[in-house]
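Look below for two forms of one protein chain, each set out as structure tokens: first structure 1, then structure 2.
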Structure 1
């Protein structure tokens, strides 16, 4: 084994934030090296330093033993280092093929002097790379028409067209379904075999133990440890991340479940939802399982007025609940935490304080006039419990780390104390400690009589938290399971 990349003594600060302090990491050729740490620990910042998005204040980077400087993303690309971003950097109106070779198209001279893009060469190369990665995506498809998983694969393929030797994957599985994760891991295995080295960030412990060779833990921007994955336990790893031992990760509180409070009958919307009926009881955590695209989010959006359904009825506390807007839903006590925090929920160019007070929920809701000050205090309490890492309330939300943005969103929804809380992927990108805290809070709110609908692709979370579970597929309800009947196999069997 030989070291391909080495970082030493890396420092990086932002106004009011010390993001990296004397950080170090070493990457061997052909290894998959996981990087772990709590939300805001500095993982993404470190990757951005390696790829020239940020310039370190201090520190050295060595590639194959030689000291290098990376001033901008193009330097990194030129040296064979590529990052696969969560929100892809692809041009969505261009085809897959055009994206792969954007800016470095192979050319060929005709009649000895005119330079032409060499399409046959491009197609040949693209096909080779796709075959190597084990993926099958039409080269003439518009990127816009692809799902998240395919876009990610195109990004990886694009990196290879540049001859990348080091790939950086920052939470690549956060928005993937189980099946897509398997496909990605298969591709990763092929890359490793070919000697490509990877830095891999994830909050999912089971993944790290499955695919990593080594792991480096970072806490508050500082290096804690590097270890072989075989030499460390999950408990140890978490202890290194949080600086103390953690106990039960999925606390399920026994709750006295009451009468049905929300009834959905025969809900339909063309091409999206077809004849869905279910009930949610008071104090119940009602899980919804299914693959991406099964219609779970659309179902939630129809219930809370963000989308219109064509047929069917919703009733709430025995009254028709046909809200025309989300505002009306909030006023009646139904709050939705969207899986897309930037679409509904957070206004990222604004400060935390503005998001606590001015943002959608409060600006539009009558509830806010009643108890505005008190609620802001409660949001603050929840943010502290979840450990939101920010210098102060005047910090711009966009500058928070991904997981910390999610915590602010969840804190706001919890503090609204709705009668029904609909959570769509509530802990995506959230670190293990804060995730357990969110689960604890949700359980306690259910105990106090709140009803919760939880949509999640995180199977341990869904099985651990739900009292009852509905499985949907292609917009249809496949069935319901009682907690005593839960198993991962059953749910997958129904969802696939």
Structure 2
């Protein structure tokens, strides 16, 4: 194998922040090279240096042995380097074909002097790329009508229209179902076979050990180690990432579980939920398992007033709890933390302070004036309690790592003083170190008497943290398991 991309001694700083220091990485032709590190370790900054979004303060980049300068993203595209973000950058109102060639449409002259877009050439090239990738997406379909997996495939195809030889995949499976993940891995295998090299960022250890050839670990903006994937264990990799041995990712605390405080009876909603009944006890972590689309999120939304159910009853503390709005649910002590923190949880251009108290402004205000003393007390308390790593409370949320954004989201929920906290995918998109911290927070909340409903696609997380577990499939309850009966095989058998 030959080295196609090499970075040496890369430094990058922002005001008050050292993002990269003496960073290095090498990518071989036809290699899938995983890049690992905690949230905020510098992975995204490194990728932005490679793709010309940022210019390094110091250091060298070599492409096929030749020292190069990447001035901006289009320059990176011109050199055969493309990045596929977790959140796609496609124009949703345009067709697949238009997105594939946006900004570099082939043209032909009409009447010898007028340039027109050469649609036949575009269609021919697009069909060739789609055939190579093994995907079947209508070229005239509007991007907005596509699912997440199809949009990612269009992004990959778009990169290939530029003749990309290096692809950077940033958390590509975060929002995909298991079936879509398998399809993506098939595509990656085709790309590798064709000699295309990939840098692959993921927090999912099982993926890295399945598809990567080598792995490079970054910690606090610095290079830690590069190793062949066959020469490292998961425990070693995690230790390199966090700088210490991680003995327990699931710090479950044994608590005295009390009486039932939430009862759901025969909850139904046409084409979504069918006759679901369960109860949650005080101080209990009640897990909900199931495949994507099983109705887990919809069930949570029906309980807390974000979606209206058609049949059934919910009772809380032996009183009817058929709330008409989410505000009413919050006032009564039931708070929901969405799986999509950027869409439904946080306003990322705002500060930590503004986000944390957003759900309780009406409680700490009088005649439209905020009681800043109360606000400051709430913020300081939860920043300490949850270990939010930020320079101060006025730090912009969008500049936080994924793990710290998730902590701010949980803090926002806790500020409402819930008796029941519903957590939907509480550790999605966060690194193993932040996962362990969030699990510790969940355990401590249960120890303090709070009841937790935890929805997760992470099976080890559910098995490691739950006291009881309910499995749903196609909107129906399949069964419940006590902690003493937990096994991954049982849960998967029920879910499938």
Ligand SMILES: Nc1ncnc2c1ncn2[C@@H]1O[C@H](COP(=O)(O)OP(=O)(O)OP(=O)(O)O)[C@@H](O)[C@H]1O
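Positions refer to the first chain, counted from 1. Here the structure is a predicted model, which means the values were calculated and not measured. Between two forms, the rigid core is defined as the largest C-alpha subset superposing within 1.5 Å.
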Does structure 1 or structure 2 depict the form predicted alone?
2
Once you line up the core, how about residue 21: does its CA shift reach 2 Å between the two structures?
no
Establish whether a shift of 2 Å or more occurs at the C-alpha of residue 50 between the two structures, with the two forms superposed on the rigid core.
no
C-alpha of residue 297 moved at least 2 Å between the two structures on rigid core
yes
In Å, how large is the CA movement of residue 384 between the two structures relative to the superposed rigid core?
5.7
